[in-house]
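Only one chain comes next, encoded as structure tokens, the form predicted on its own.
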Amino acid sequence: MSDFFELVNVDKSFGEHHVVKDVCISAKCGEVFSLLGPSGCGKTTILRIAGGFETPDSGSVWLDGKDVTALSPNKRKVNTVFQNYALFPHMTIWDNVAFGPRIAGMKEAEVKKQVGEMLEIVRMSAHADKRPDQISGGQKQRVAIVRALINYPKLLLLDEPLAALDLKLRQYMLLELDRIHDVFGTTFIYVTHDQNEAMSLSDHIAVMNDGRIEQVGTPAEIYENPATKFVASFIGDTNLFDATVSGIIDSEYMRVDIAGLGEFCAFNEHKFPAGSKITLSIRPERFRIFADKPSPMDRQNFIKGKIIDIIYQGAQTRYWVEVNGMRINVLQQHNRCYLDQKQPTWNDEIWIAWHRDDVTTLPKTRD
């Protein structure tokens, strides 16, 4: 499957504010490609450049093998779904969806057929005669999406489409978006600051920070093997430790000296030599808690600490464990719960263990 949409060395500034810095991304035909990052990192500007609403200072935009950098939005076969829905308030749902085909000069009999099919796909047929102010936020978003898709664009741009919805509705709409994408097969470029949205929906994710792409990969690659400290901390929770490679064990493993904690074993994916200054990332769910010192386990590290804070979250409990003045975030999933069984609590001295393969190593100089 070849690259269908590409940005090549795109730069964009507004006055002295350099918002997009030499960005290169590519999405394959039919996939969901997400731009993920904090507010102000440049992801919406990239979306506007993709849609033709902004012109890059340098670089090019390619769609289906053609350079569309100089084309206006209406010449690109690209549609956009905005956060605020942008529905016409005085029109019915039916007329909102029919607007695009009518402007394109489609015959009314064909408009009727297509609008009916589209509303059926998004389960809005029963609301066709209502106005936007008579339906819910999730329903408005479904109408906005199908209105953008009815003219069958080559590319659909979605700018924080679920940001205005509450948590339960966002979770439901993620499933709806996935279903709608499966039906149409259109390439989606999805902008969000919400890591859960991006991880749930995307085939590939580009993580952005300060106008640059920090890493591009599948959701699993981004989470399990972050390339930088920023990606490791932005995607999910993690514990970051400054360390020095104190010795090489074999071709795969090394010993690391974590300041204040001591020496431990870790996977040496990047083949750091002894003496290297590195950063370690360990996800909270990779730790296990023991009331007593565990017997030596294959390829496991362990250390003693004290529980200083607890947050019970129903399906899981989050612990903060203090070790030599350092706070370590530990997440324990509840596979089952025995209410009469003593659980770790505040000020308990416990042991935490983690597998040497669950340590992600990053160069110290990379942020």
Partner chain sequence: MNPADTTAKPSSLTHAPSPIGRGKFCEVSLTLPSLLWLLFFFAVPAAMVFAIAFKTADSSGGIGSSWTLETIVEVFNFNYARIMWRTVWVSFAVTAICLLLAVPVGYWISRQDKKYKNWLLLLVVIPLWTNFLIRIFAWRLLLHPDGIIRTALVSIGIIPEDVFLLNNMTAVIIVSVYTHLSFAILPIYAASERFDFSLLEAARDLGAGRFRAFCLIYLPGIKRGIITAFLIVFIPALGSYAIPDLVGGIDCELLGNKIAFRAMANRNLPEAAAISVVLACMIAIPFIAFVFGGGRKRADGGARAETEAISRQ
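Between two forms, the rigid core is defined as the largest C-alpha subset superposing within 1.5 Å. Just so it is clear, the model here is predicted, and its values are computed rather than measured. Residue numbers count along the first chain shown, from 1.
Below, we turn to the form predicted together with its partner chain, even though it does not appear here.
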item	value
Candidate stretches 48-56, 296-304, 61-69, 325-333 - the one whose heavy atoms come within 4.5 Å of its partner chain in the predicted complex	48-56
Every residue of N79, L87 and I103 near its partner chain in the predicted complex, heavy atom within 4.5 Å	yes
Single option in N209, N151, S246, S200 placed near its partner chain in the predicted complex, where near means a heavy atom within 4.5 Å	N151
Interface residue in the predicted complex among P73, G116, G217, G138, criterion: non-hydrogen atom within 4.5 angstroms of its partner chain	P73
M91: touches its partner chain in the predicted complex, heavy atom cutoff 4.5 angstroms	yes
Non-hydrogen atom contact Q134 with its partner chain in the predicted complex at 4.5 angstroms	yes
Exercise: F290 in contact with its partner chain in the predicted complex, heavy atom 4.5 Å	no
Touches its partner chain in the predicted complex: R142 (any heavy atom, 4.5 Å)	no
Per-residue C-alpha change between this form and the one not shown, Q171, threshold 2 Å, rigid core fit	no
Yes/no, G262 Cα shift of 2 Å or more between this form and the one not shown with rigid core fixed	no
Core-aligned C-alpha movement of N209 between this form and the one not shown, 2 Å or more	no
